[in-house]
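A single chain comes next, written as structure tokens; it is the form predicted alone.
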Amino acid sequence: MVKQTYLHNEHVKLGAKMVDFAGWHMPVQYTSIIEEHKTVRENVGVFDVSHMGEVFVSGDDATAFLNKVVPQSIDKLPYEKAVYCQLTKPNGGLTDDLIIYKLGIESYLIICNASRVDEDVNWLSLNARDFDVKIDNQSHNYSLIAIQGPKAINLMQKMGYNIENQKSFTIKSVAIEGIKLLASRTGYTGEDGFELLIRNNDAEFLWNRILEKGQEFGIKPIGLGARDTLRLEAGLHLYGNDLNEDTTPIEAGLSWSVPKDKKEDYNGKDVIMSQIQYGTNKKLIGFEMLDRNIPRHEYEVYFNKEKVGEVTSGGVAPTSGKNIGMAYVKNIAEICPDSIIQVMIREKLHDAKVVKRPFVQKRNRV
């Protein structure tokens, strides 16, 4: 059975094209993906991302437990701060990538990918046997609304939230329009923005107030289609495409997020530390097509007439008008920025240039 968010009826009223995604009936677009994409880059957009998972972790051993299951140093995470993490397996591969927020002493919130909530909770529970910790999956009780774009801050201020001092990757317990919620300055677009975690019964009221008060800032509701093009331009990974249980953070180009001096053991640490020291067999690259063809997931990639990998994510970049993609390829030194690779599209090889990610300048740091 396909699930619905508490905002499902609002999407239908707005004329959204609805699709099944990760077990949910979600809006893929309201007008056009290009228009919605540009709205977020230039003004402000609002997303229903209530399909994402919310898991609360607490107890005397909560910090020690989370240190065991992710490579990041959770013991160094300050109150009301967030950190991007990977939930690793013994082989260094990823059960999921997620964000962990510190809500209090031995109290944390984990935001999971929609398609991985059950797997994440199961893996966390299996690893919790020797810890005094409570793993509380509250995904069914909460809705998540994202406000993204350069005018997101203006909209939040108009709604009575003084966020002048809230930095990126922080979370605050606040009241907006009379509703108590958790507001984090995070997002999945490369733009400044906020994600508002609210009780389900408040979702419809707040959604409509956001659309009402955002009119002067050019707000539009944004579907999953533009969410994907926005994250691709920003070089952000999508689990199931760019990340999976057989891909390590180092292979995925996420070594910047993995502490090199963490003393505590965690799942896959030996593999990950070895890859940091000795390198990997594959790597994730970004590329731009040199013609008008569009690369898609699982298209083959060639270099010097040899198959070297596959496209993980690809599509049109509305900001530049170019066709872009990411791919895992053999870790060959010659495959580097400005080198030429080929993508097999409809049984013909098409040239592409390797480029650095992200594909657009990110503006999400405050």
Partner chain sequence: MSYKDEMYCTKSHEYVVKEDGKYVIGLTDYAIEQLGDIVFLELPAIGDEFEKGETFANIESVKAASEIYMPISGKIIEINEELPDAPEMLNQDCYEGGWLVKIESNAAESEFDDLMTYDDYKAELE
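Being a predicted model, the structure only gives us computed values, none of them experimental. Numbering follows the first chain given and starts at 1.
One more form of this protein, predicted in complex with its partner chain, exists but is not displayed; see below.
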Heavy atom contact within 4.5 Å of its partner chain in the model of the complex, the stretch among 302-310, 30-38, 46-54, 327-335: 30-38
Please run the contact check for Ile294 against its partner chain in the model of the complex: heavy atoms, 4.5 angstroms, yes or no? yes
Does any part of Val316 reach within 4.5 Å of its partner chain in the model of the complex? Heavy atoms only, please. yes
Is Lys17 close to its partner chain in the model of the complex, meaning a heavy atom pair under 4.5 Å apart or at it? yes
Consider Gln166 of the chain shown here, and say whether it contacts its partner chain in the model of the complex, taking contact as heavy atoms within 4.5 Å. no
Contact residue in the model of the complex, from Asn127, Thr229, Ser107, Thr280 (heavy atom within 4.5 Å of its partner chain): Thr229
For the heavy atom contacts within 4.5 Å of its partner chain in the model of the complex, list the residues of 332-351 involved, in sequence order. Arg346
